[in-house]
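The structure tokens that follow cover one protein chain in two forms, given apart as structure 1 and structure 2.
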Structure 1
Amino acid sequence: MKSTTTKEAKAKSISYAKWGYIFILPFFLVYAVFTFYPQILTIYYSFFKYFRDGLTWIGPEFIGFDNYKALLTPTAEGTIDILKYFGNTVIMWVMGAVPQFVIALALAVFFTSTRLNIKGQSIMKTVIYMPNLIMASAFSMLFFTLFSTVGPINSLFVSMGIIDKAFDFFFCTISMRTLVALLNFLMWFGNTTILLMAGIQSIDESLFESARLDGASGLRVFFNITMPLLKPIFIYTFITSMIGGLQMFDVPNILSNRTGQPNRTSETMVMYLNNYLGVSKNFGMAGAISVVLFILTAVLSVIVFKTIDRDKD
């Protein structure tokens, strides 16, 4: 009798935890090899002089914080270039992200509303998601052609009498940044809509019903039920969009013909980094820029997280 109980106890205490670890192991292996290790290397090389001159490698030679000093030393005009490019990136991201989230939220609410019950949803969802399927570079080339001085948009504006001479959209800070924001908005609002819809659909439908029975208006339902319950998903999409936005590269790079024109006001952090990685493969400076970008992104993410999530009980 006694022996059986110990056996049972033993059988009960068999731990399945190791399987859990085994199942998550592949992810951690892949993460360690393809993400963690390169990240550490990036940080490591940011303290080195390490680039190629012609076909000869120079370095790696340890130089401490010299790369960071070079990045953060103000230029003759008194600006710190890397902060200027960070500012450009944030401005262009915000210009695209604000309409992106407003419209995505509105669409997500409309599409999930049982009261509206919109027909042909699946087609619409496909259509708004479409731009995201096209490569950013192809999409940028399309806009580059559309808005060029000999492109259809200029011909249209001239023939409508809005402007009397072709306008070069890519040589004006406002129009350039607006175009970058517009492209990013077009490419990403569909994706955001789908994510937010999934979030709204996971909210218990009875809450919406009871609110409606109590006579709550649509706006009231949105602010008092949808938004509070959608918050975790909303924060997730917002922060991922921000991280993606801070790494903005292909659209402004193509629209500005790699120069960040005009006057480098459309030069983003990653375009700046990419310049260093060109012919000279300057891993030292590129590493330092990556680390600065990493720190700035982390700080911004924490700020956003704390701001949106502050009234958590």
Structure 2
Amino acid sequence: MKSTTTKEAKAKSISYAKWGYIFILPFFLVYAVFTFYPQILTIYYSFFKYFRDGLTWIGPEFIGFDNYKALLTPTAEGTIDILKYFGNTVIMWVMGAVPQFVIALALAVFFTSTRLNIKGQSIMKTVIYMPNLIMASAFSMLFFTLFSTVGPINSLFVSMGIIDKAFDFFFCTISMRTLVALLNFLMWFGNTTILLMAGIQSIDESLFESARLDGASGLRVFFNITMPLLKPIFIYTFITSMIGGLQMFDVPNILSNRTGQPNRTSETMVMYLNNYLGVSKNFGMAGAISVVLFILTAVLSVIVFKTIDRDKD
């Protein structure tokens, strides 16, 4: 009798587990079709000679690792282009990321401080996040106009006597890289600030109160309580910022008029990739560059994660 009752109860019970899989199924289908499959094709074609010569398509013809060998072969000037452009990308990302995280951390601590009890936080969050809503291309065109030789910045500097004649910001390596870094900083520091604020607000307030009662200074509270407990969010924002920085394209592409001027010192990895993918339609070389970029990104992410997440004795 008991066995029959148990069977009837199981028959009448409803399992909702399957609905969870049904709800997440569309994501995996879309990801498989529009992301995973193209990624596999990219790796596949990186081992082929496959490009367009005029109106004629050459290939696909299997050539093994020849595309990768070509990428690592020095040019007539003795430089390896992919390493040069990778260095350009890292330099411009670091120039923007360092002030981005320093200022974002300072603002996050400032806005979440219960001692200061800042009013109007919602408005402030909206204001600092607004640059992130502007398209990078529009932001870049604005800076291109402002800092051109006939733009208002040069006119202001000349009228103030700071410079004698118009300075071409886009043909000086330092100024060009600085403008790219400044643009990336302005677009992303608000997003980073909000993420770090969310991380700080998730920390138990009693920990801060106990530290203040024990006479801990603000710096000691920050380094001994805030930063250790904020580490997971900080690692997430730092690694995602690095991945986005290594994929930098639109800002330097517009400011340098697609040339990477001066002397290719502002050309990034994705701009280099676009030369093969968008201009010459060389899918084999473009695939090889994409794979190398993926490997470099993965290696740097692991290094950063292991370095920041290292436990103290």
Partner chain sequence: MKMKKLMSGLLVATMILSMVFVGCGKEEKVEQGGKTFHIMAWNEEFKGFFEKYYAEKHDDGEYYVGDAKVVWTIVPNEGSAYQDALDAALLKNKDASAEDKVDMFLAEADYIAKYTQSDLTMDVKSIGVTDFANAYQYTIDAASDTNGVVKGVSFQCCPAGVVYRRSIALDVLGTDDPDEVQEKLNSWDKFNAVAAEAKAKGYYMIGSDSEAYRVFSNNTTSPWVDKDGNLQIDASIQAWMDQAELYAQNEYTLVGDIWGEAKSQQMLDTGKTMCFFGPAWYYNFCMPNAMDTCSGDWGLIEGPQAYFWGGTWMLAATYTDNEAEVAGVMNAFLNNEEICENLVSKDLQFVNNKKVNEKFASDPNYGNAFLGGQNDTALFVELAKNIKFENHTQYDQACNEGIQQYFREYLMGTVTKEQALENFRKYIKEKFPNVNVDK
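Throughout, residue numbering runs from 1 along the sequence of structure 1. Small disclaimer: the values here were computed from a predicted structure and weren't measured. Just so we're on the same page, rigid core means the largest C-alpha set that superposes within 1.5 Å between forms.
- Where the criterion is the form predicted on its own, structure 2 meets it and its counterpart does not.
- Remark: with the core as the superposition reference, the CA shift of F27 between structure 1 and structure 2 reaches 2 Å or more.
- In a rigid-core overlay of the protein, G64 has its C-alpha displaced by under 2 Å between structure 1 and structure 2.
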